[in-house]
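Take a look at this single chain, the form predicted alone, given in structure tokens.
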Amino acid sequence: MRPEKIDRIATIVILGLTGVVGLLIISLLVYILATGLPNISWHFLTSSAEAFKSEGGIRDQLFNSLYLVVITMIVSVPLALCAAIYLSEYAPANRLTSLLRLAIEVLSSLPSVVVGLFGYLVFVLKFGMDFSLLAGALALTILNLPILTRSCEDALQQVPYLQRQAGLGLGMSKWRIVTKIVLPAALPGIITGIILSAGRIFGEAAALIYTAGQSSPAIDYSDWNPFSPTSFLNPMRPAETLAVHIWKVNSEGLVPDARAVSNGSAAVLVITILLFNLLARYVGHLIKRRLVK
């Protein structure tokens, strides 16, 4: 068989498999949105579970999910960025560096339920955090750190080495080259990775069942004191996120219209994650255009 024919057959097979995967994803999205959008209303989004009829409001769960993402990113972004800078700019090519990269790969493949059990044993029980937003954020940091580190490292390595050599030729120190040349050039990729990782942890559920809890006490949105037990800013309060709420509604079956609530919550979750992805592309493109100018 001629190479041209083999190449044509391989191209058709690859395109066909890609089309099947794309069709499955689109079908799943269409199904979730078609069954969930009719159950979404402004009252559904802005009312608490106690205030909404049949206990279906998701205001608190939606806020808890967004607040948990913010706390997680505050913890994980500096750690991931420092680790990426070390691996990309300072780490020598030896066995220790290879072992570190292997550890990051292994950590990124851990099941979220295992991380949740670890967080329960360490953060909830050992450190006495109980079920809280902070314990959930630390557990999500363990999940998010390896993926975010790799994305930041890839963004740094995409900066041409010639720019580093130019900085050395001007007499700049290694640290000034990293902070003044490499980081600004890699900023679009870093921000894109941060937003995409935020979208990923927004939909996490298994790790949060054992750390953040499965219930949300009454939240006072007028209380801005983060040390108050009822304050919406208190990181030590238990918090049920949107993904955990979907699992809880389906598993317990205590809500009369559990299917409608679950479908509406799932649609909100999918739409929010899609917005995270679109925002990542837009912000990365916008920063790249400004840097080019």
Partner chain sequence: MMDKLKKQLLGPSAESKQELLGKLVSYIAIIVIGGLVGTILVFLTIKGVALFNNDHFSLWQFLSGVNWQPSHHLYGALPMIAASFGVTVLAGMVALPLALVVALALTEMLSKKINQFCQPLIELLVGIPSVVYGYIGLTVVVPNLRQLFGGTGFGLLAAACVLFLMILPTMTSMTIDSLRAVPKQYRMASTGLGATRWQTIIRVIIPSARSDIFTAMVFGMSRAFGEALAVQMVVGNTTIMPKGLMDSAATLTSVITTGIGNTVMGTPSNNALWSLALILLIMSLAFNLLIRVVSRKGAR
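All figures in this text were calculated on a predicted structure; none of them were measured in a lab. Positions refer to the first chain, counted from 1. For clarity, a rigid core is taken as the largest C-alpha set superposing within 1.5 Å between two forms.
What comes next is about the form predicted together with its partner chain, which is not displayed.
- Proximity of I71, M129 and A137 to its partner chain in the predicted bound form is absent: no residue of the three has a non-hydrogen atom within 4.5 angstroms.
- The closest non-hydrogen atom of H43 lies beyond 4.5 Å of its partner chain in the predicted bound form.
- Interface membership of L29, defined by any non-hydrogen atom within 4.5 Å of its partner chain in the predicted bound form, is confirmed.
- None of the heavy atoms of N94 is located within 4.5 Å of its partner chain in the predicted bound form.
- With a 4.5 Å cutoff on heavy atoms, W175 counts as touching its partner chain in the predicted bound form.
- Contacts between stretch 11 to 33 and its partner chain, counted in the predicted bound form as any heavy atom lying within 4.5 Å, involve T11, I14, L15, L17, T18, V21, L24, I25, I26, L28, L29, Y31, I32, listed in sequence order.
- Relative to the superposed core, L275 undergoes a Cα shift smaller than 2 Å between the shown form and the other one.
- With the core held fixed, L125 shows a CA shift below 2 Å between the shown form and the other one.
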